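One chain is shown next in structure tokens, namely the form predicted alone.
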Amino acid sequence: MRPPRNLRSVAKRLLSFTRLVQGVNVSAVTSPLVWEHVQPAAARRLLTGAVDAFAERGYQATTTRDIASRAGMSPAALYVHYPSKERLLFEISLYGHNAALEVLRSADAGDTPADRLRSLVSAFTAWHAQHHTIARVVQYELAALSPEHLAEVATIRRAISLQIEQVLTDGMAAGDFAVTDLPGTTLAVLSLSIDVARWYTPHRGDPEALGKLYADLAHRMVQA
């Protein structure tokens, strides 16, 4: 069975957008304004250096010397502010996940479940595009966290999932959404936005436009 014409149109637009960024490898710059809460300035430089290094090289391939060099400091100076490389990753993960959760909570508005879902997906997608460097680290380096730190981050991740799960539940109750697998659909909707961080670059596409596109796609996935 062929998908509806309007759904094929959305898929075609999505494919066209994705092709624009395939094959492009640009190292994004992390704005220090995002980390103004981190004091002193030396600690902030180390964090931003770690974000860029982890996103570019991966956690395992990044050394403390590499992080310190990006911050304009000696390797020994890193341990004045952070006890380990893993602690840097945890601070990045904690901030990134809390920021993403706040984006969802602020976007949960609308007169209908469909309006709310579109608002949530649009904002979540745009955030992962605008902050793709941080998002790439917090989403794809979880396995490097200690069990204790991973458990703390997992609590925030569950809260993020609940934001989407709740609006899907409300849409099902209202008869607006046709969802047979709530956990699976929640994961699918979240994955649409999260995966943007893997391929997005600041020189291709507009985060807000991408957010609207993904919001349209997510709504069509679940509408009754």
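Sequential numbering from 1, following the sequence displayed. Model, not experiment: these values are computed from the prediction.
Keep in mind the form predicted together with another copy of the chain is missing from the figure; the text below concerns it.
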- Determine whether any heavy atom of Thr185 comes within 4.5 Å of a heavy atom of another copy of the chain in the model of the complex, and answer yes or no. yes
- Residue contact check: Asp195 to another copy of the chain in the model of the complex, 4.5 Å heavy atom: yes
- Is there any non-hydrogen atom of Leu213 lying within 4.5 Å of another copy of the chain in the model of the complex? yes
- Item | 4.5 Å heavy atom contact, Asp181 and another copy of the chain in the model of the complex | yes
- Every residue in Trp35, His131 and Leu162 with a non-hydrogen atom within 4.5 Å of another copy of the chain in the model of the complex? no
- Using a 4.5 Å heavy atom cut-off, which stretch among 89-97, 113-121, 133-141, 72-80 contacts another copy of the chain in the model of the complex? 133-141
- Query: Considering only 208-224, what residues come within 4.5 Å of another copy of the chain in the model of the complex, judged by heavy atoms?
  - Reply: Leu213, Tyr214, Leu217, Arg220, Met221, Val222, Gln223
